[in-house]
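Taking the form predicted alone, here's one chain by itself in structure tokens.
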């Protein structure tokens, strides 16, 4: 919070300078026009949060599915994991976004399907795919950190592989991988800004539109940075609370 107060003070002091240089009036909540601009920007936060939550949820499920073959004792099955992870991690997010949004409908059309992808779901598919490779590696590392004796003990009492994962291994692994999973969620929140290039009305897109009309990029993008900062700080605080509840922050 001290960072936010310091930044706010800096903006106020900057606004005391020459009006030819500074234009903080465009985001001044004390004026009708400034308040309208602020509301326009903040209203994009809901789309950013919803986009990030859905993409992160899909990524965590897909990442777990991809991680399990990487734990197999059979080399041929492990190859499935490695090929997926290395291929997805090698593709920059922006080209993948363009391919999903512009290219995937063409692939569907070649299959006789008339399926169009809107910006919202195009961004979700891209973010979920891109992040799933990193999430898979986090899952794999977390599961491998659990002692093998736990799996052997589960087998001796008659638990199946799925039951062992559900009741024995995953609950312990998730406690250990919660911090890196939180980092990936923050990564998704920040990378959601790329959705602006395909027309998604999230925070960055709204800031770009406001810059075009107000011609004040410094002031508007500064407020945009503050919005992302607030989001990340809130997520970090929530994760720390969750870590305390789950005991993930215990020191050995």
Partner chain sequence: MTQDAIEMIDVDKWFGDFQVLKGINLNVKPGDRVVICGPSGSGKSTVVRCINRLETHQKGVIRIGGVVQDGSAKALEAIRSEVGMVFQQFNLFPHLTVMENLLLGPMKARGLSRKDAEARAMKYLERVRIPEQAHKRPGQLSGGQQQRVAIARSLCMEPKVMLFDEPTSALDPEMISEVLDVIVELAVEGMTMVVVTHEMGFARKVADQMVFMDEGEIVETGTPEEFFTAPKSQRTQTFLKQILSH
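Keep in mind the model is a prediction, meaning the values are calculated, not measured. Residue numbers count along the first chain shown, from 1.
Only in words, not in the display: the form predicted together with the partner chain, which the text now covers.
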The partner chain: the contacting residue among 90, 157, 162, 111 in the predicted bound form [heavy atom, 4.5 Å]: 157
Partner-contacting position among 145, 116, 72, 150 - heavy atom within 4.5 Å of the partner chain in the predicted bound form: 150
Contact test in the predicted bound form: residue 181 vs the partner chain, heavy atoms, 4.5 Å: no
Proximity of residue 95 to the partner chain in the predicted bound form, heavy atoms at 4.5 Å: no
Residue 168, heavy atom within 4.5 angstroms of the partner chain in the predicted bound form: yes
Segment that reaches the partner chain in the predicted bound form - one of 169 to 177, 137 to 145, 122 to 130, 75 to 83, heavy atoms within 4.5 Å: 169 to 177
